[in-house]
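Just the one chain here, the form predicted on its own, laid out as structure tokens.
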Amino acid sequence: MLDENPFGSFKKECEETLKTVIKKLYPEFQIQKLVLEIPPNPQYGDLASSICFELSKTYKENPETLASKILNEILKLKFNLIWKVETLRGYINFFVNLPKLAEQTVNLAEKLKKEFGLVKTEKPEKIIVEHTSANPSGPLHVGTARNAILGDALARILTARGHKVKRHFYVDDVGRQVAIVAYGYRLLGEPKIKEKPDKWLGFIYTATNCAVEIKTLKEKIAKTQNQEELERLKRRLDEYAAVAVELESTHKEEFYKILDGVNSDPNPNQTIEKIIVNYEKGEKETKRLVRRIVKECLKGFRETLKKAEISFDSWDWESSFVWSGKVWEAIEKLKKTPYTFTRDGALVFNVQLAAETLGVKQKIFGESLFEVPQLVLVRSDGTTLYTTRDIAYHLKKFEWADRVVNVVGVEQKLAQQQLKTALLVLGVEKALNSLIHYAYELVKLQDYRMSRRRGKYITFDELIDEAVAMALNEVSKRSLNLPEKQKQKIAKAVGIGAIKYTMLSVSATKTVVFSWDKVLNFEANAAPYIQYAHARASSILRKTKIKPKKPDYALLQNPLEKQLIIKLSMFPEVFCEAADNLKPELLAEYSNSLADAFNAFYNKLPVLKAEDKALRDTRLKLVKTTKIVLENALNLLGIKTPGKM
């Protein structure tokens, strides 16, 4: 049976060789962690160990002397994938048997094809990945797009690793933003929605919020005596007045109808709060109104996500956990613990006391947070908060799941920590290590500041449409003779792939700065660049009807060939690390570096016109393997690989 991880096998052989020799020479030495790194220069080997520097501290010998002793013992052993071993300045350098590594990698890729590199875990889990979960009060925007793309990639990667994964969308329909939309929609007389529903409801949200803010600010200005506060309020009023002008320019009649309705309401904020209270109580008319607009908004979400080829297994309504009594069941259980108390009519959860008593404060909150904020579970008016309802939702999740991954913005860190503490109090012990807050940072657009409340944002739809249009222009310039339909299909794959790669190539903990010149780059570190490398490989394979005979990997002597072979052999290793550590950016980085290695090989070394047939056939095997690996790697990120570009 072929080993599914060629480079991993080489690495394991190096590790075991070192451990065997060190145990023989220094039996009392305890190896804490044996690290093997790829040297900065290939002439120093394919893997190197600095273990002699650790040994030097214990045995007070020069690392170079220790390395020589170890090397002498290593050379007495028999090898499989190790070709030779050398020492340099105290480092032990291992060189791989390249023909053997190439043969193993190519044979495995040809045998497994779409499964190559996707090594299955020995401990499969049931995992829920909850992502996107956008407020149903307007369209998905560029920030939400990052959430959706990250969550989809994580689900794909974990599934490929052999876990049973379910994708969940949490419909946040019990909150102020949805209540504002319901209020504005009612002021308009609940008209029939004629355009994309999430976009239309986004206008209603912004218009209603703007009208309420203007009325509220005017009332505050009339009562304020403090000059500094007065100036601050006037500046805010000017900002919303500018928003009003923009809204008037797009939907004049509807905006003024909302504005008039808000101005004729003695207390619009109180009306909105009443909608929140009535909806949570399940009052018939409010329930009908809110459910109608949320369902319409979700239609728009589904349409957008379908374009991006992102889907869900379950749409979980927040309200259902309230109306079914599950939220209050959780609250009653928490009330029976010593960690809740009443303050000014509100029910409060003492998170710090709970975390300290359970001995998990440092693990959950770290050392930096000296005092953990308390969590209000129920307001004095009897309504619950988002995190309270989230407790009931997660009790349900953990009935099935071994692990829950929540793709939620970094700003929700405290809420996720409070949630984890509450679950531990309620006896969900696995939540300590198996409730994962996959935090992500914002997306910034150059020279553009987004604000949902002010209606200043770029929608996911606009992002996709712009990317596809720009990709079509580029594809048309590069492939003049392709049929128009095929150009459009390629442009869609390239445009959407470009957006996804941009969101995934940066660690989730870092801000994405979005600029079109980098996103749609065909020359370096972008999805089109990687897709173009795949198209090149496909083109070579299309041009030949030759079925390569038995290749001779010993013929591959060029450094560019070696670089490509090693990079191909590393795919399973990178995949396992990305899956086990939830790091899709590793696959993005790997795909780009593989494209670099293949392009260098392609530009310098002839394949179909190689010096002799055996070399041609062997290089064709590398081309075919590159095509397989690029497809598999990009597929894990939700990115398509067109055969032509």
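All values reported here derive from a predicted model rather than from experimental measurement. Note that residue numbering begins at 1 and tracks the sequence as displayed.
The discussion below concerns the form predicted together with the RNA, not included here.
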| item | value |
| --- | --- |
| Segment that reaches the RNA in the predicted complex - one of 321 to 329, 526 to 534, 117 to 125, 231 to 239, heavy atoms within 4.5 Å | 526 to 534 |
| Option touching the RNA, based on a heavy atom within 4.5 Å in the predicted complex, out of 317, 341, 522, 83 | 522 |
| Contact residue in the predicted complex, from 358, 221, 432, 415 (heavy atom within 4.5 Å of the RNA) | 415 |
| 4.5 Å heavy atom contact, residue 91 to the RNA in the predicted complex | yes |
| 4.5 Å heavy atom contact, residue 645 and the RNA in the predicted complex | yes |
| 4.5 Å heavy atom contact, residue 411 and the RNA in the predicted complex | yes |
| Residue 386 within 4.5 Å of the RNA in the predicted complex, heavy atoms | yes |
| Non-hydrogen atom within 4.5 Å of the RNA in the predicted complex for each of 427, 547 and 556 | no |
| Neighbours of the RNA in the predicted complex among 213 to 241 [non-hydrogen atom within 4.5 angstroms] | none |
| Shift in CA distance, residue 141 and residue 523, in the predicted complex relative to the form shown here, given it is 3 Å or more | closer |
| Residue pair residue 596, residue 515 - Cα distance in the predicted complex, closer or farther (3 Å or more) | farther |
